[in-house]
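Next comes just one chain, in structure tokens: the form predicted on its own.
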Amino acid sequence: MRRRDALRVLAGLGALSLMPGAALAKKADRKGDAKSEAKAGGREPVKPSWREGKQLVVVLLQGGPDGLSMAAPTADPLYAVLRPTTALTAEAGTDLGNGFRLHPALTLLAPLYARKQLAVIPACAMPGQGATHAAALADFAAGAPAAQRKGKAGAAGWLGRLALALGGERSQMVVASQSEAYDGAPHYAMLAPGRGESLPGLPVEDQTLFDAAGKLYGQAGGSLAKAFAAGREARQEQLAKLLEESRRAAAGAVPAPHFAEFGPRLGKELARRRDAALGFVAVGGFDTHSGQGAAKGYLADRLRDLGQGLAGMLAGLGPAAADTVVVALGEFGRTARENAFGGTDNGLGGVMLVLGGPVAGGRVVGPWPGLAGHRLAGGRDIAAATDWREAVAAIAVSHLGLPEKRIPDIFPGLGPGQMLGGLVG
């Protein structure tokens, strides 16, 4: 069994707490790899630049949460048109300004917004990224779309490259999920989330009407009955595929219901490990192809889990939250228009949350492309108005101490100094 498979099994059993053994094993493997890679690329060993005590925690919302629900553009007249059953009302949740409302299930984060410790970035994505979960997760891990991962660029994960750039061979990370995003990191310690509440299945549509219509058409017989039966069968097959996709999209991540409980524990560990510049955890349960709901329902429950987990993490960090920036984002967003199953499908632009003591928050950051058909990417997705990498690059430079010239080393395709300014104080 490979080490990664063993870690996944042990983590699922809750048999791991903190794994210095795994970290040491990883250290032994990666130290040589990193040096070899540097030599092969003709580069000098990396000079550490990390500002000690400063920390960045990445929370990957696996499945791609619906940005139009997290931060709803209720002032856009097309919003309710595109979302007949999943739109929030103009009175729901917290007013973020600029025509946006924070989903009411994220109410635990509202005080952070009021204290200007939470920034909300709508229409956020990496241009050119993959449209499937597997492709988008691979692009996220590499920190670049496939077209920009040529040669050695993007060979390791972007968090691994950032760890090396910040701390050299002594860099430390705390992780709670397996991900290729931190491949190449010389040292990491895994905090296993252990057992907890599992992820419920997506709601499926009520079959009562279909059963009644099927009986009616069946009694009529003929070609109409056959056409209805064939159409219903095709619809059920499509729904089954989407439900299976949603289940697989959460694989390897901490189930959102468990993250609500695990967040404070992760925060305490991050507070204890101030020698770690970076943290990572993946949270699953946001691939809502069916029965998504609006202010209440399946997605609202997952967002409530997320809000509890994030607020709990900051509470667990305690005073260390003043030196910690947390970013939460999906591998992509969802379609602007809801689908026939009362859900939303894989899209492009989503929402990125940036929270913590150093954040210059209390505002919606970045442009909003709008929901008009000609403004949508491919006529269906929220366009990528802000590249999430530019937000992370700004945090890495302004908060962690990464030299601006190193940005292209972390994110292939970005230029030196290409970052979203003013995000952290």
Partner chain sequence: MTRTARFLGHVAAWLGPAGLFACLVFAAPALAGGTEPGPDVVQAVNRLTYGPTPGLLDKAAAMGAAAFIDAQLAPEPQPEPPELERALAALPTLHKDTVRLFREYGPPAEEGRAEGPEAMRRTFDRADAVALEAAKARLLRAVASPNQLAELMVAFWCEHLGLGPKKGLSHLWIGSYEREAIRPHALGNFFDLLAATAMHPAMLMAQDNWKNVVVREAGKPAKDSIDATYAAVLLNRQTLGPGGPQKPADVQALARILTGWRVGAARADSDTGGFYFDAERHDPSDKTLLGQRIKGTGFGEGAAALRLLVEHPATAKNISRKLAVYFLTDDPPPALVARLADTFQKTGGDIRQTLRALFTSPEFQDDKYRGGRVKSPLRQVASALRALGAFPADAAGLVGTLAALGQPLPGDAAEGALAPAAQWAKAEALPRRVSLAGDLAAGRIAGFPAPTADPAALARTLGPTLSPAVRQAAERGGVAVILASPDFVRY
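Positions refer to the first chain, counted from 1. Just so it is clear, the model here is predicted, and its values are computed rather than measured. So that the term is clear: the rigid core is the largest set of C-alpha atoms that superpose within 1.5 Å between two forms.
One more form of this protein exists, namely the form predicted in complex with its partner chain; it is left out here, but the text below deals with it.
- Checking 104-112, 175-183, 320-328, 202-210 against its partner chain in the model of the complex, the stretch whose residues place heavy atoms within 4.5 Å of it is 202-210.
- Annotation: in the model of the complex, residues Val81, Tyr217 and Arg232 each come within 4.5 Å of its partner chain through at least one heavy atom.
- Site annotation in the model of the complex: the residue of Ala227, Ala135, Ala315, Ala75 reaching within 4.5 Å of its partner chain with a heavy atom is Ala227.
- Scanning Lys268, Arg337, His187, Arg304 against its partner chain in the model of the complex with a 4.5 Å heavy atom cut-off leaves one residue, Arg337.
- Among heavy atoms of Arg375, some come within 4.5 Å of its partner chain in the model of the complex.
- Not displayed here, its partner chain is kept clear of Asn98 by more than 4.5 Å at the level of heavy atoms in the model of the complex.
- Shown alone here, Thr85 lies within 4.5 Å of its partner chain in the model of the complex, counting heavy atoms only.
- Although its partner chain is not shown here, in the model of the complex the stretch 266-282 places no heavy atom of any residue within 4.5 Å of it.
- In this overlay on the rigid core, Pro77 has a C-alpha that sits less than 2 Å away from its partner position between the shown form and the other one.
- Annotation: Cα of Ala114 displaced by less than 2 Å between the shown form and the other one, core superposition.
- Annotation: Cα of Gly214 displaced by at least 2 Å between the shown form and the other one, core superposition.
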